[in-house]
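Before any questions on binding or motion, here is one chain by itself as structure tokens, the form predicted alone.
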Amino acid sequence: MNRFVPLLLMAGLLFAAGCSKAPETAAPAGPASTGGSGKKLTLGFMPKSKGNAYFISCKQGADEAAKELGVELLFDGPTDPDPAKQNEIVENWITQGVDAIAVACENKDGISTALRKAKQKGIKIVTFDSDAATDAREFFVNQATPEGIGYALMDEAARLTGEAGDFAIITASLTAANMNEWRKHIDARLAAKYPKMKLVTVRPCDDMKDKAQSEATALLSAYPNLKLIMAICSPAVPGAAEAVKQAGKTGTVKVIGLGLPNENRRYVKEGVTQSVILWKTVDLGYLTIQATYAVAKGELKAGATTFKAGRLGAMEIQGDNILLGKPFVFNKDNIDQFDF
């Protein structure tokens, strides 16, 4: 969810450093799980950025799974989204000799070389949230299909605007692989179903709320007929909402996006943000570690069509994608039912 922020009803959803700092370790509390050498398995778990609430929520689920499985979990990542830092951390984990790595990739091409090197050393690779090149990992834990996310966002935007008018997108970065996939399906849905709507621009916010607010303020000035801002990374949703609120355009310019209920509750209840779309981020972290463990143990291999993931039960696998579920829409009517 770096910068992003690509939704079932979730009991605990979504929703989030530098290499100079020692990685955090989740203390295992079950029988120690071992690899073929008899040693306890060590799994690296890397977000796009450690400070993003989306990935902090994912870590809660990862810690839960690590405790159940009795593995050592190393949590480390850039303080802010930084592909070079991600590569450095992968190199550090190769040197340490971890058994497996789970990573949300900030730059698909940039990190794949480092992940291929890890694979050559016998380290198993699983990606989550945002994928690497397919030959650089074994499986991708997909929070929802890109089509499902893109269609959900576009359909909600159309519903709120009466299927007509200008809208803009604020993304984390123009290179984020997962968000670019979502945008392809947003564009396809727009072209196929909503000919009276127009996407006027796509602006990056570097996965930062303050920059998203600045970008949204600029959009409101540059496009006076703007009817909706669609924020597709979690920090951008409250950032865009604050810009709309300060501009006195609450209700006139709608705000939707991918984000956490707790970060957006106030704006939703005030009517500034109409809808927040997401998946269970806690479950995403939990599923990722369950899958990474199973791959490291040789229990999950290419060709599998289902995978039993602890408390989540049997999960569907499409090709090399392990699917968490479908998007869910949080709004004024239901957002108080969720706390994450």
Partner chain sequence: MIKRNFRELSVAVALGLLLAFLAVAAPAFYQPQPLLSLLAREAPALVVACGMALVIISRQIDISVGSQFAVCGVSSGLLVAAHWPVALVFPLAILMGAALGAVNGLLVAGLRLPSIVVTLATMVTWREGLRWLRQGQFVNLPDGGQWFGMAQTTGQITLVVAAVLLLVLLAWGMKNLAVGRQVYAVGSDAEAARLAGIRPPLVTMGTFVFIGALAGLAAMMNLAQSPQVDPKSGMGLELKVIAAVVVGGVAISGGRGNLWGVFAGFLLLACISPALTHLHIQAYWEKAIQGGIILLAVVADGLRSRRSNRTGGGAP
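Residue numbers count along the first chain shown, from 1. These numbers come from a predicted model, not from an experiment. Take the two forms, find the largest set of C-alpha atoms that superpose within 1.5 Å, and that set is the rigid core.
Absent from the display: the form predicted together with its partner chain. The rest refers to it.
The partner is not drawn, yet in the predicted bound form one stretch among 157 to 165, 214 to 222, 188 to 196, 131 to 139 has residues with heavy atoms inside 4.5 Å of its partner chain: 214 to 222. Using a 4.5 Å heavy atom cutoff, none of 124, 147 and 321 lies near its partner chain in the predicted bound form. Under a 4.5 angstroms non-hydrogen atom cutoff, its partner chain in the predicted bound form has residue 262 among its neighbouring residues. Its partner chain is not shown here, but in the predicted bound form it comes within 4.5 Å of a heavy atom of residue 183. Within 4.5 Å of some heavy atom of its partner chain in the predicted bound form lies at least one heavy atom of residue 208. Although the partner is absent here, residue 288 sits far enough away that none of its heavy atoms falls within 4.5 Å of its partner chain in the predicted bound form.
This chain lacks the partner; the member of 309, 53, 295, 277 within 4.5 angstroms of its partner chain in the predicted bound form by a non-hydrogen atom is 53. Annotation for 227 to 247: interface residues with its partner chain in the predicted bound form are 235, 238, 242, 245, 246, 247 [heavy atom within 4.5 Å]. Relative to the superposed rigid core, residue 183 undergoes a CA displacement of at least 2 Å between the shown form and the other one.
If you fit the rigid core between the shown form and the other one, you'll see the Cα of residue 242 move by 2 angstroms or more.
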